[in-house]
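Next comes just one chain, in structure tokens: the form predicted alone.
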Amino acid sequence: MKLTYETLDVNGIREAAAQTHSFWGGERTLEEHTQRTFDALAWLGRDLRYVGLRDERGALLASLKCYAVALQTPRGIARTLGIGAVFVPETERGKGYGQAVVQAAMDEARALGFDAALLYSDIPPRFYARLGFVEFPALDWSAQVTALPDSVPLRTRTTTADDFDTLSAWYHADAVAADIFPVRSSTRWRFGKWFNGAGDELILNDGERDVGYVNLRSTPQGLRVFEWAAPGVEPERVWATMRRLAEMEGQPHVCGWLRFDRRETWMAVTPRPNAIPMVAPLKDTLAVTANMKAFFGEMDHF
């Protein structure tokens, strides 16, 4: 059977959205799920496109989203293909179409000079390991509010439109503790917040100076911490700030994704069954190994 790999047009995107709705639609209607796809395309423009694999009859056998991403690596910034929403209709599974569409996207990116590929696996990672992807830890943490440190909290204030450059500087200065981490533009930052339902940042203030930020939002599961960065500040003071904010919200629990260097004894830590970060090199000059320290925050998930 001859298969064709192509960039999907508007009708193809609607077709793919109809296929993926039952899996990723959540409580959204098909119309809302489809509109969310077009909203994402509007957010990112040329940095996002939908591709698919069709048979000779024109049937859509598999689809995925291709994102333009930048990763900081030990060898510098790597031009990276982000792969999201890999989907094969139930009637076509087990025939190799999922692997074929991912491989086609990787081959295309390699030919265009990309250095690496990044995805977040929602299925057993061994499927993607066959294609050269290396799995990095995916852990969740949670805690009773009363378990968090009760030291001197920092003050907080809301962000303004003028704060992005400072937020970006804090994020990148903090992320260098990792060997691999996403480099964010302002557009990518805003998109990540919208796509993952994050809140707006609160600036952390220590007396006369701003020292970092925290992004969190109240949810039915508790106060969700999407991320924080405060280079040079004692973590206990940041955790104490989150405790104070949770208490102000009346939240008994605090939770989030666990970063590799942020594990505390008072946390309950569990493996995350989905959104497992995986990276594959597309050039021989880029080495990716499981023992590297990798930071992929919740706002980087796509």
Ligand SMILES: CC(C)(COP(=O)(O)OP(=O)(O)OC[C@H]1O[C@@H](n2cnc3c(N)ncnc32)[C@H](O)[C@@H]1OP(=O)(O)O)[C@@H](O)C(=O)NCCC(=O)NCCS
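So that there is no doubt, residue numbering starts at 1 and follows the sequence shown. Just so we're clear, the structure is a prediction, and the values are computed from it rather than from any experiment.
The form predicted in complex with the named molecule exists for this protein as well; it is not shown, and the discussion that follows is about that form.
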{"item": "In the model of the complex, Phe127 touching the named molecule (heavy atom, 4.5 Å)", "value": "yes"}
{"item": "Interface membership of Glu108, the named molecule in the model of the complex, 4.5 Å heavy atom rule", "value": "no"}
{"item": "Heavy atom of Val86 within 4.5 Å of the named molecule in the model of the complex", "value": "yes"}
{"item": "4.5 Å heavy atom contact, Pro137 and the named molecule in the model of the complex", "value": "no"}
{"item": "In the model of the complex, segment of 119 to 127, 155 to 163, 186 to 194, 220 to 228 with a heavy atom within 4.5 Å of the named molecule", "value": "119 to 127"}
{"item": "Position in contact with the named molecule when the complex is considered in the model of the complex, options Gly207, Gly232, Gly94, Gly113, heavy atoms within 4.5 Å", "value": "Gly94"}
{"item": "Heavy atom within 4.5 Å of the named molecule in the model of the complex - the one residue of Ser142, Gln99, Ser168, Gln72 that qualifies", "value": "Gln99"}
{"item": "Partner contacts for 18 to 52, taking the named molecule in the model of the complex and a 4.5 Å heavy atom cut-off", "value": "Phe23, Trp24"}
